[in-house]
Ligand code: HEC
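The chain below stands alone and is given in structure tokens; this is the form predicted on its own.
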């Protein structure tokens, strides 16, 4: 037993060592990124940059990068300050021109010199990267435009809504998650840097993400509602709805999309969907997410 435990511990330590090893900063091949960098060397003097770019340097010095690189550089790469992100600038100093510029995608490779661990492990296969959305599309590195994460706008939803206009409209509906109120953000459910699940969700499935807050709906239940187990999005629209509780359809008409058989009060002519004091199906079937009651097979208990 001891030997097995020691073996497992060794594997665990090796795993952590690998993860920590990959988190170390690595410098890009500047010439491969842009051939104009061939034979360029590092100037290693920020004052030379400030000679022409004084306003940019002043604004940058107030950012978290500027403060960290100037007063608490953790490694040789960060100690290069401006050139850590802009590459060796000897050629630019000798003949200033636009030949040493980068595309948004190339800037992402530069950011990954340091930001390659944690929530960014899936960046290379993320929908943002494959959709040609780079780091500088969402982050403003040279100016302190936000209180969090060097975002390019005031807050996280504003950044996301600049592309996801449909989601912005959905969030304005009467029933919505409290993103407008500042109690949640898009990153509460999504990882903008990529994930193993669909839609860049933080969990492997929609249900896994929903259950992180709505734990009482997780189960396991003695009587399971198959449509719930299949996916919360079958009945709810997470980004917003004009129906109560983020429902995809009004009241009992949602239930009747599946339960449309005859001989039951769920027929439209009998259903009391217009009754302000009743809610149709859920007047009786009160545990529609699942039941642990011995007599809850119909979700009435």
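Residue numbers count along the first chain shown, from 1. Because the structure is predicted, anything quoted here is derived from the model rather than measured.
Absent from the display: the form predicted together with the ligand. The rest refers to it.
Q: How about residue 242: is it within 4.5 Å of the ligand in the model of the complex, going by heavy atoms?
A: No, residue 242 sits far enough from the ligand in the model of the complex that none of its heavy atoms falls within 4.5 Å.
Q: Verify the contact flag for residue 195: yes if a non-hydrogen atom of it lies within 4.5 Å of a non-hydrogen atom of the ligand in the model of the complex, no if not.
A: Result no; residue 195 lies far from the ligand in the model of the complex.
Q: Answer with yes or no whether residue 91 is in contact with the ligand in the model of the complex, where contact means some heavy atom within 4.5 Å.
A: Looking in the model of the complex, residue contacts with the ligand do not include residue 91, since no heavy atom lies within 4.5 Å.
Q: Would residue 222 show up as a contact with the ligand in the model of the complex if we use heavy atoms at 4.5 Å?
A: Although the ligand is absent here, residue 222 would stay clear of it in the model of the complex, with no heavy atoms inside 4.5 Å.
Q: Pick out the residues of 221-248 whose heavy atoms come within 4.5 Å of the ligand in the model of the complex.
A: Stretch hits, in order: 225, 226, 227, 228, 231, 232, 234, 235, 236, 238, 239, 245, 246, 247.
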